[in-house]
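First comes one chain, alone, set out as structure tokens in the form predicted on its own.
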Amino acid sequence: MRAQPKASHFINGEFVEDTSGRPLDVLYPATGEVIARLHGATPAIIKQAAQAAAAAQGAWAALKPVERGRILRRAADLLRARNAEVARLETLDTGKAIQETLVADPASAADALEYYGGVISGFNGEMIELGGAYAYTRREALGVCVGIGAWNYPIQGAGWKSAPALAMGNAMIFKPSENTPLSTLALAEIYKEAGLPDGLFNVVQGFGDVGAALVDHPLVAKVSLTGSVPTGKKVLAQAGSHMKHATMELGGKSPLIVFDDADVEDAVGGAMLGNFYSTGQVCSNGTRVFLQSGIRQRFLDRLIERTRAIRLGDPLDPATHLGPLINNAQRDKVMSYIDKGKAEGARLSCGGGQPKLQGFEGGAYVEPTIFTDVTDDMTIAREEIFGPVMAVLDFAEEDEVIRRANDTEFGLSAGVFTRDLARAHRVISQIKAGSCWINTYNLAPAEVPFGGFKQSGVGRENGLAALSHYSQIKSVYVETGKVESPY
């Protein structure tokens, strides 16, 4: 037991256990060994969390926003001070390389806490002049919010959801993925140490049935989910049946377009980050890489050369670039897509295997994989793989690539590499995607809204937009003169 928490759940400011809940074994993806044993939430645990959140929320919302923000900023400082400790926990939980979690995971959550702690005091309603009268609007908290996290970025997701929710005056019950339940408990402890009143950030563990029970609970006003499109559709329909607020941050099959005039090294770097970072388990990844004919061969030569230099290995070794996938089931899914790519005629230009690393024979490893000569109708160009598999497609003209890039049910992200900034803005303006990049890829600062179009989601994480999604508007009409009536 290398990462056993004090208990499975964190409710009303303390760790809580109920061993009658469904057993939940936490596996280290690099070896397959059990590193912690938890239990899913029972109905009694869910009731306890909802009641604690509801009881604490009103007094929290009544505080001055600057006072709420002060606690969030203190929590951000504590999280940064414990970055190495939490990053190691995140690596054990997810299998992601420690060189990545040290810079991207708790740090991203801390950025969100700091950002919302700072901006909330300036997030207000508006005053509207109406001649002899006026009106004003108030931004009010929703109440108890539920966050349902994904396994690829556990503590980042918990930070991205809880920071705007708490800043706005809500309480949150967070259910991590059953695959990665550990780091959110560490965040709960940090919130408490920072001075967050008990009951405002509760963590309950479990599988899909626990998430469904939380969404159905009558004390819950909103749900924010990060997950797959099929899961998002179910949760959105469930929330909608109760007329509850919802944010859905879902999957994608995003285009990354490289024009002839792009800087080759930058474009290759962007494509690699947009396909292999977190072992390819990123919803916004640019997994359809469109190359214009004039840059194609130069790009592919450097892409394959640099990809072959990626080091797979022990995720806790700072020299390792890529760790395993989250589990063997995900590895088998990714390998099935690689088999489909080969069967449908794509050229396997790099990778495609399952390495057996000494000491990590039980790990869910997949080589970073590049397919070339991919066509738009192939399965690997249509479906989200969620693994280190890049599909390279060719194009000739701007109008053509815009049309093909948009030919998908998804609309999460897109990227363009070109030295012609007029073209970059022109192309991005025509791509139907919510989170886009020009001459970079996959950066997601807390200040910038993140989310998708079409099947890729509803609502936004991050930025001031997230505060809007964790609040409701009250309009107040104020008459300063006489009330005229024909009656």
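We number the residues from 1 along the sequence you see. A quick note: this is a predicted structure, and the numbers were derived from the prediction, not measured.
If you look for the form predicted together with nicotinamide-adenine-dinucleotide, you will not find it shown, but the lines that follow are about it.
**Q** Based on heavy atom distances of 4.5 Å or less, which listed stretch (295-303, 147-155, 127-135, 73-81) is in contact with nicotinamide-adenine-dinucleotide in the predicted complex?
**A** Every other range fails; the passing one is 147-155.
**Q** Do K234 and nicotinamide-adenine-dinucleotide come within 4.5 Å of each other in the predicted complex, heavy atoms counted?
**A** Taking the distances in the predicted complex, the answer for K234 is yes, it comes within 4.5 Å of nicotinamide-adenine-dinucleotide.
**Q** Give a yes or no for F386: in the predicted complex, does one of its heavy atoms lie within 4.5 Å of a heavy atom belonging to nicotinamide-adenine-dinucleotide?
**A** Yes.
**Q** With heavy atoms only and a cut-off of 4.5 Å, decide whether L250 touches nicotinamide-adenine-dinucleotide in the predicted complex.
**A** Residue-level check for L250: yes, a contact with nicotinamide-adenine-dinucleotide.
**Q** Answer with yes or no whether G208 is in contact with nicotinamide-adenine-dinucleotide in the predicted complex, where contact means some heavy atom within 4.5 Å.
**A** Heavy-atom contact with nicotinamide-adenine-dinucleotide at 4.5 Å: present for G208.
**Q** Exactly one residue in T91, S177, T287, T408 has a non-hydrogen atom within 4.5 Å of nicotinamide-adenine-dinucleotide in the predicted complex; which is it?
**A** Contact check passes for S177.
**Q** Taking nicotinamide-adenine-dinucleotide in the predicted complex as the reference, which of L412, M390, A163, V204 has a non-hydrogen atom within 4.5 Å?
**A** Checking each option against nicotinamide-adenine-dinucleotide in the predicted complex, the one that comes within 4.5 Å is L412.
**Q** Pull the contact list for 299-328: residues with a heavy atom within 4.5 Å of nicotinamide-adenine-dinucleotide in the predicted complex, in sequence order.
**A** The stretch does not touch the partner at all.
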